[in-house]
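What follows is one chain in structure tokens, specifically the form predicted alone.
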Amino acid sequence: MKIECIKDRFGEAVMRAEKVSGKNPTLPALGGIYLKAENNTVSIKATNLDLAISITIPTKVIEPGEVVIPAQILSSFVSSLKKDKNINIETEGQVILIKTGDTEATIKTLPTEDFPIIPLIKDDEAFSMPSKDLILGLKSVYYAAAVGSMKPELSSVCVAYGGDGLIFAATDSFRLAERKMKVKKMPHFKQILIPQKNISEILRVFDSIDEDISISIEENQATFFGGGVYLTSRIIDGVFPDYKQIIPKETSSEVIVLKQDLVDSLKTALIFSDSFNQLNLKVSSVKKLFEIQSKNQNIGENKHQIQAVVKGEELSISVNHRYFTDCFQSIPSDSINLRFSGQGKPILMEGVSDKTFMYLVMPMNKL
């Protein structure tokens, strides 16, 4: 193989691929980046068997061929080349020679036959959606999924088709996040579960791509394609919890508050929260009062009253600070609607002007 390519474009692709590469003592090729040069393009691939990426960029191909190079070494070397515009890569036996204007390096290669095959998308089985919608759907909910749960379905983001669009949902049983997104074409799947640990890489890869993303599902894998990038993720074999059953159907108390006022109050409350991150929310429609309290025996306590529209029954309920605030990034509205359904029951949170996102948080037992 012998190629010449633009250093910045090649380097960006290599850095993306390096983040997906894996570590496996019994299969060293997983720690490598696979390059295949043909037809004036080079395909740059990496996989950890749970997630795989393939990026195609235009390249001057002098001699076609393929090679596997240790991912971390290649990424570190290319990123250290600050001044050079072009990069030349050539295989020589069991090593690869990389040259720029004033730098030259040889790197030992890995066996190409050991590198796993990465499945590619089938256009006739794919549906498309704008990348910004895919990013928004995943980013709105993935933080609510469990990390390292014994139940794989809780360590995933559910993407399901319902009504006239896709529903993104995640839950760790303590809170639930749901985002609804409209799509023009009905997908050919009803529900898929994407591992939570793969979502951050999907977001990182497609966040900078401003075009439609094609999505295909087959053989327990989901493939996303756009901007010359294929990203394949394993799908969890399981059934997502039927969370509709726990969504409160009645509201006993309701608070409408400016999001920024709530954010500012919670920053202060966090200073005084205890090791359990416990906050107490107090609702009083008689006094038109919404108050946040936090207390730490080793520090002191804090009470902050927030201007709000309050109606319904008197209520005092405790929540986990982090679980309560994680959803604010997903609510674009200036005001937030907090719906309480009674003591010991979940709190429903929505934006006042945007009903496409819903967040549910379970209360804590008071300590």
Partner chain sequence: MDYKQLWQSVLVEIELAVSKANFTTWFKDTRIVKEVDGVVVLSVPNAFVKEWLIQKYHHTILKSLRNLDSSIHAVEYVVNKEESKRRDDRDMQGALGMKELPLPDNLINKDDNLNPRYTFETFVIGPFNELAHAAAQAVLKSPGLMYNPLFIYGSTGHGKTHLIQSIGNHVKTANPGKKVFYMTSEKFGQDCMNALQNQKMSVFKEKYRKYDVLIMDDIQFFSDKVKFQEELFHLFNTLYDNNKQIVFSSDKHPHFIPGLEERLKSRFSAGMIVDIPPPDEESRIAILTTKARQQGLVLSGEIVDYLAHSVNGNIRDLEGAINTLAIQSQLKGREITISDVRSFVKNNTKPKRSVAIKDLVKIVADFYSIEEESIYEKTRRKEVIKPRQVIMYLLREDFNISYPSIGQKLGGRDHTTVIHSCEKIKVDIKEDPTLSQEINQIRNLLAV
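Quick caveat: nothing in here was measured; it's all calculated off a predicted structure. Positions refer to the first chain, counted from 1.
Although not depicted, the form predicted in complex with its partner chain is the subject of the following passage.
Heavy atoms within 4.5 Å of its partner chain in the predicted complex are found in one stretch of 93-101, 78-86, 264-272, 109-117, which is 109-117.
Although the partner is absent here, Thr47 lies within 4.5 Å of its partner chain in the predicted complex, judged by heavy atoms.
Phe206 falls outside the set of residues with a heavy atom inside 4.5 Å of its partner chain in the predicted complex. Within 4.5 Å of some heavy atom of its partner chain in the predicted complex lies at least one heavy atom of Tyr243. For the chain shown alone, Ser173 is a contact residue for its partner chain in the predicted complex, at least one non-hydrogen atom being within 4.5 angstroms. Contact annotation: of the candidates Lys295, Arg234, Lys139, His188, the single residue with a non-hydrogen atom within 4.5 angstroms of its partner chain in the predicted complex is Arg234. Of the residues Lys259, Lys132, Lys151, Lys282, just one reaches its partner chain in the predicted complex with a heavy atom at 4.5 Å or closer; this is Lys151.
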